[in-house]
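This document opens with one chain alone, in structure tokens, the form predicted on its own.
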């Protein structure tokens, strides 16, 4: 939904486009927060409705059930990666650039809304069987693509020979998700606010980078 609002002095014809979230967006956002904090079973459509400020019937107008709403929330996370990852893999062709691009996007995506990371953790704990199949169906294909890139780097001597590509990628994914999900609690150690989050993200990137790339020879 777009609202076009006039800007500038009286009489100006210039306009600025202001994005306003749709009702469906607001419902999904509220549902994600509640699913992440309470879990699927403890979250009710009535609770979601109260957060959004609408009736339960209004939610059922957009989503026929809690399960459909839950699927929509997860699908939104999945669609982001289905759109973003192929573009990153194509445009960031250099070995180190590709790593930096994908890793930075991964961390930035979860940092933009930590409830995304918390939701993934909650799903892993509360619904392991469902989540296992989801991860296999969705993450499996692009995990395989990046693992191929890691193996090519190993053949060229750029990546460490002892790295297990698939296992490494899963560990990095877990580190990013757990790091963002627990940032509010752990930030008391490295500093609160953007500075603390930046310190944590920088160190996470260093660990992931050092674990993958072969040391450069010292001149």
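Residue numbers count along the first chain shown, from 1. Superpose the two forms; the largest set of C-alphas matching within 1.5 Å is the rigid core. Fair warning: this is a prediction, and the values are worked out from it, not measured in the lab.
Beyond what is shown, the protein has a form predicted in complex with a further copy of the same chain; the following relates to that form.
* Asked: So which stretch, 80-88, 128-136, 99-107, 67-75, is the one near a further copy of the same chain in the predicted complex (non-hydrogen atoms, 4.5 Å)?
  -> Contact-bearing stretch, as computed: 128-136.
* To do: Please run the contact check for residue 168 against a further copy of the same chain in the predicted complex: heavy atoms, 4.5 angstroms, yes or no?
  => The answer is yes: residue 168 has a heavy atom within 4.5 Å of a further copy of the same chain.
* Asked: Going by a heavy atom distance of 4.5 Å, is residue 36 a contact of a further copy of the same chain in the predicted complex?
  -> Flag for residue 36 set to yes.
* Asked: Would residue 211 count as a contact of a further copy of the same chain in the predicted complex, using a 4.5 angstroms cut-off between non-hydrogen atoms?
  -> Yes, residue 211 is a contact residue.
* To do: Flag residue 155 as yes or no: does it have a non-hydrogen atom within 4.5 angstroms of any non-hydrogen atom of a further copy of the same chain in the predicted complex?
  => Heavy-atom contact with a further copy of the same chain at 4.5 Å: absent for residue 155.
* Go through 58, 175, 26, 51 and name the one with a heavy atom inside 4.5 Å of a further copy of the same chain in the predicted complex. => The residue from 58, 175, 26, 51 that makes the contact is 175.
* Asked: Does anything in 105-121 come within 4.5 Å of a further copy of the same chain in the predicted complex by heavy atoms, and if so which residues, in order?
  -> If the 4.5 Å heavy-atom criterion is applied to a further copy of the same chain in the predicted complex, 105-121 yields 118, 121.
* After fitting the rigid core, is the C-alpha of residue 66 off by 2 Å or more between the shown form and the other one? -> The answer is yes; the displacement is at least 2 Å.
* Once the two forms are fit on the core, has residue 151 moved its CA by at least 2 Å between the shown form and the other one? -> No, residue 151 moves less than 2 Å.
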